[in-house]
Each structure stands twice: as C-alpha cells, then as structure tokens.
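In the block that follows, a single chain appears as structure tokens, in the form predicted on its own.
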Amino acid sequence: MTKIRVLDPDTVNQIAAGEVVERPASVVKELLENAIDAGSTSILVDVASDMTGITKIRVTDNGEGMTGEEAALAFTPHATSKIRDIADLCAVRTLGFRGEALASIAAVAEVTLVTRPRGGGALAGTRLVVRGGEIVEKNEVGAPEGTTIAVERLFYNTPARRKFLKSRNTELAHVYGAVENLALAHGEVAFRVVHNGKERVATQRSEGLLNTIAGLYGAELARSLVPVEGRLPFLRIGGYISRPSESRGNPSQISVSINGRSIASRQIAAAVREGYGTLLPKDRYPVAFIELSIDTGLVDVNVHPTKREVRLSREREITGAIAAAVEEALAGHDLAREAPAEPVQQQIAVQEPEPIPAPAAGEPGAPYTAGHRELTLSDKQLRRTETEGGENLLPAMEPIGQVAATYIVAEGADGTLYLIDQHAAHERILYDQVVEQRDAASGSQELIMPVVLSLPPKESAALRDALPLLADGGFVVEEFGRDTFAVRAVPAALGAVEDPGTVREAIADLLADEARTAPDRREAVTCIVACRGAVKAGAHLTHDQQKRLLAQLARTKTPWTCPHGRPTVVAFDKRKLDRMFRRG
C-alpha cells in the first residue's frame, strides 16, 4: 500500500476549521465580518452561557440577505461572493474573501441560518440547519430582511479542541474584544452585544471614531485623547493617542485597522510606541486607536486563515510615517496640562510627580529642594517595608547621593563604589514581603473608602476570572453593578492606595498573556503589586531615606536582583576604578 493518501472530506473540513475557528470569539469575528460585508448598519450579537462555558452564539444583521440557493451555496468550502479570480486578491476591500468562515464553523458546530434578501420581493425567507458540515434541514420561513445565524454545540465533534477552551469569563472577554475591534474599525455600524439577556456592549452609528471610543471606553478617556494625522502619497494616517500620563503595562490597548480591517501588528504597535520617544518609560505603552488607509496594492491580506495579520510592502516607510505622525501630534499639545478632571474611580493611570530640581552636587547631607508631598510619599513607602532583624547580605556601604534621582551612589568601607537602582531595590524588598504575606494568607489592608472601577466589558469579564488570583495577592474586589467593581482592600504593602492603577495593571497583564499557568499568573499579580508600591525612579530621597532603603535591601533574601532578574546593585572596586583611570 502507498504511504501517500488523500484525506477524506470530513478530516479536511475539520483541519480547515481548526485554522479558522479557535474559540467562540473566532465565530463572532467571522460572522460579524460577513454581516459588515453584507452592508449591515445594525448588528446584534446574542450570547448564551452556563457555568461550563458559552453554549450559543446568535448574530442578527439587517444586511442584504440571501436567496435559498445562495444560502445553501454559502456553506460550501471556498464559496465566496467577494472575489472572482486571483487578480482580485490584489485589491481586496472586503473583510471576508476566502470562503472558509461558514464552512469551517459548520464543520465543528450545529448552525441554523435564517435569511431573506433585501428588496428582492421575496415573501418568505430561507431556514437552513447545518450539522457537521451537512445541510440536514431546509425550508421556507417568515423572516425579516437580513440574516440571522445561530451557532450551538461548538466543537461537539472535536472534543480535543473543546478541552483547550478557557473559562467562561475568559472566552467572553475574547468575544467582547472581537466586537470592540470591529466597532472601532466600522463606526458606520451600530453594534449591540447581549449576554444571557443583559446588554454588555452598545455603540451607535457614527462617522467619527472618537464617538465610538467614547461609547466603548467612556467619555472621559475620549476627551483626554490627542488626534493624530499623517499622509504619504499611498498612505493616510488618522486616529487618536493618549497623553503620556495615560499608559499601560503592555501594548494590548494599541488598536490598529487597515482599510477597515482590524489587524494585529507588532511592527505598527512598535512604531506608535517609538513616536513617544522618552515621554514614556521603556516598560510602558500608550492607549492608541490608529486608522490606516493604504493603497490596496501594498497590502497582502491573504497571509493567515483568520485574516488578523497582513503583510505590507514599503513597511519601513509606513512605520516611519506612523512614528513621525505620533511624535508630531504630541509635540503640538501641552502635555504638561492635566487631562480633563474625572471622578477618582475612573482615573486609571498613575500620575508621575512633576520634575523637581536636584540638590546641589557634592552636598549629600544638604536639605533637598524636593516638594514636601514627594518626600512624604517616599517616607510612607519606606515605612511600610521596615522590618526588624534579619541577616545583612550586602557589604556595608554609606550613601553619598543620587544620580538623576534614580540611582543611589554609595561607598563601601574598602573604597568600592556602588550604584543602586532605587526602584529595583525597593521592588525587591516589596516583592519578598508580598510573597511572605501571600503565603501566610494575610496582609490585606481595608480601605477607608472603597475604590470603584468602571471597566469596559472585555476587561470586566477578565476581572471576574481573575478575582481568586487577586484575592490570593491581598486584594478584596467585589462586583458593584454592571461592569463596575469595588476594591475594598489591597495588599498591606501598598498602604492606603486610592488609585486603581494596580488592579488595572493586573487585569491587563493577565488578559494579555492568558497562556500562563495559574502559578505564573499568581506570580504576575505579585510582581505588579511590588512594582506599583515601590519608590519610583525620579523620586528624590533624603540621605536618611537612602540609608533606610539600603538597609532594607540588605535584609532581603536575594538583594542583588529585582523580581524581574535585573540588577539592583552594580559595584566598582578600587582596582577597577584605577584601571578605568589608567592608574596602574
């Protein structure tokens, strides 16, 4: 017998489905793209779930609909109304074109379609039931113009794929994210998402991106954004970016669309970040909503079955233009001015202190000119991490002063010069204490006034899933209404925090990297708590505060590195200094 064989159609269809349909959100994305291509102006996504996960997805649109013949043909692999031959691939302007979506979904689920063509004079619509890729029912029914597709029992015939689905809330977060991405790229369509009878997402038809942003993320964020524009002969750049004070710990909130297609591009996200230059720390990312119109001949959308990735010709010119447009937009605004006032519960970003003059060089003991508020904050942070006893694991050293209000300069008894990263050092101190409190199941501090978090649906679903991990890290968070949560207690290491940035960072980190195992996600929360509560780079410290920080660092278990593995202390002994100055 030959070793080479042709796979049977069922196996081929399930392999194709595996490329297109990863999870329930993949179904929502594909059905929404078809609805948009059909000229819909209003789309309803109705999701049902039980404790085990999402059980049903129904998408209803008011698009052009289909005849009975077209509806049956639409479930055939590679059947499409979007292109006719290979030449059309060079100028694709629709979201779907591969003819894989309906066939792939129907191969791994039970699908019911009801459709009636718009303006065709048809008195009745068509109802199809497709199970495992086969049409098992077809009849005429009364129906409005447009299309409704219901998907149930997803992955019923591929249990191996079903077992890789995450929790219900995680899958819902992905569904909300898919809707948000398409809503941002298509303001001309009104989107509505209902989960178990409760409305979760709703946007109005609008020609302005800013109105869609306000509908999804709130008016306060929308009002604080900076418009960005740019142009090349083959490229138009539009959209909005956040001020440097509104940043995130990962690039998950950089939204990009090309010719109306929501896409993921590390290169474009990096170009947006590059435009901020030194306005953002290296580990921070902006919130950005970028719309690109590019000559279709320069965009290859046929590089991935899900069409989420594209390939660009002249990519270097395009990313360079994006970075320049972002830089120009920021240069044209007074970034020192505060964003519009907003309630405490909606202030998500931690505001960095205003620049403060450095003390006179060579006067380590002289009074600092730093403001009282900054010194008081540093004092509180250091007082929280003060402990008694413990072995000193660092050589004895005496602080001399600071460099750039970031590095403490100290001298050892043998003349060794030490440079200490004050933020990394305090992060190590906090991390060790948070781990100890966490493992002892203690260490929460109740807030006098709960902090209220109002989140978009995608993040609220992720937060519901992360509540046990946050509780393990010392947070007490309770639901407080639709997509609203009350933070009633925080880890003791953070003190009386009134800023919800720590919780927001934990949610964003957990959502951005859900592939982590539970212990890794637990570790991520601990690291975020340590980072948020630590003395910041750029904070001026008195001589006494520097001494206290070094003493606390010396009593940690691993004082030479921070929790991320970066060095906290760099040493130059006298011999190394002599060699540097060619003294022997």
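Quick note: we count residues from 1 along the sequence shown, nothing fancier. What you are looking at is a predicted structure, and each value in this text was computed from that prediction instead of being measured.
The same protein also has a form predicted in complex with adenosine-5'-diphosphate, omitted here; what follows describes it.
- Screening 449 to 457, 378 to 386, 174 to 182, 74 to 82 for residues having heavy atoms within 4.5 Å of adenosine-5'-diphosphate in the predicted complex returns a single hit, 74 to 82.
- At least one heavy atom of residue 34 is located within 4.5 Å of adenosine-5'-diphosphate in the predicted complex.
- Though the partner is left out of this view, residue 38 does reach within 4.5 Å of adenosine-5'-diphosphate in the predicted complex, counting heavy atoms only.
- A residue is said to contact a partner when one of its heavy atoms sits within 4.5 Å of a partner heavy atom; residue 215 fails this definition for adenosine-5'-diphosphate in the predicted complex, lying far away.
- At the 4.5 Å threshold, heavy atoms of residue 550 stay clear of adenosine-5'-diphosphate in the predicted complex, well away from it.
- For the options 424, 272, 318, 101, the residue carrying a heavy atom within 4.5 angstroms of adenosine-5'-diphosphate in the predicted complex is 101.
- Between the C-alpha atoms of residue 99 and residue 7, a gap narrowed by no less than 3 Å is obtained in the predicted complex, as opposed to the form on display.
- Compared with the form shown, the residue 7-residue 160 C-alpha separation increases in the predicted complex, the change being 3 Å or greater.
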